[in-house]
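Only one chain is included here, represented as structure tokens and corresponding to the form predicted on its own.
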């Protein structure tokens, strides 16, 4: 057998790469982890964690406004954006330290730099060649910005999390979850927000009732939605940026943020030269064991463009380490994965949309409930929510559950267990609700929506 420097070299120290590497190290493998930035990856450094901290920060403004309905007399308040960013960065430093400790305690060697494949067993980093029996690609994704004149003047979600001051006016381009989340964040802190997108509705791929409900609630909060409209060019002005739109109008802003999707971070990794197959998007094609077209090269997480969620990357990394280094074959089931959008109000979802369920099962039963959160009963807050269950009519199995509203992600996590276990609508009906909560709606909905009223997606 050929002698290698390492049993495993992992490219990328995000959530998936760290899980795979530290478990492999714990199982006795000699592991090197190559990371060009800091350990933590998209979720910890540029995504889930800092973004949700800012969502929390924005909610305080809403809570103060709602407090008057409960008798609180609140005086003038102000917000220190720079202080929030500093506090957020302190927390990210702490999490980075935890990730480094996990790797170090597992005996992994951490190398700072961008690794590049030379062949099926060799990686180049900082001018040095390192060899390994196996190589794991876990470099994640990176924001995609279209080739629009003036795009170099714009920011992405990466920079939005580091702004030294809050923009009074911001234009956000995109209709996906990152776009709607940041629209809610900046709006909550008091920015004038305009969101532009090619589609006729936000959140393509989500259930149509969810899309319509969130659209209405974002509009209520004063976010300006511009469907079917995109920037044609962006130019610098004396006091900011001017966006020339496809409908012939213009918008002036202090910042323009592109949230038009993320692409696998595979550029200049030497993958094609090494013989690793990728699809048209640059994502690595893998089998159920996360193996690429080369037997010695594996890939997990966003770089494979399967389901781009942190818990999925972690599960894939865990399965890889168990399979290869603990002789315990495991693969990840990508069906019925719960997910959330931390919009305002938030979205939680698991399973199929109504359109997907109709296409798969034909005859389905749909249950929908609209509600006003009890928290807002004594306030002037007009926010409303939605809960929806979709069942296969033949078996009664619940195949989709969706929610828009306060605590939706927390609630859907529990509902996701039931959906994964194959619970039927009758199982939901037999479950006692917790009163008074929004969650109880999922076990008290009894009236099917008439088929003629079903939404077409």
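Note that the structure is a prediction, hence the values are computed from the model and not measured. Residue numbers count along the first chain shown, from 1.
Not pictured, yet referred to below: the form predicted in complex with a small molecule.
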Counting only non-hydrogen atoms and a 4.5 Å threshold, tell me whether 179, 204 and 340 all contact the small molecule in the predicted bound form. yes
192-200, 379-387, 287-295, 213-221: which one contacts the small molecule in the predicted bound form at 4.5 Å, heavy atom to heavy atom? 192-200
Heavy atoms within 4.5 Å of the small molecule in the predicted bound form: does residue 261 have any? yes
Residue 144, heavy atom within 4.5 angstroms of the small molecule in the predicted bound form: yes
Does the 4.5 Å heavy atom contact test between residue 109 and the small molecule in the predicted bound form come out positive? no
Heavy atoms within 4.5 Å of the small molecule in the predicted bound form: does residue 397 have any? no
With the small molecule left out of view, choose which of 175, 265, 187, 304 has a non-hydrogen atom within 4.5 angstroms of it in the predicted bound form. 175
Name the single residue among 283, 230, 130, 368 that comes within 4.5 Å of the small molecule in the predicted bound form, judging by heavy atoms. 230
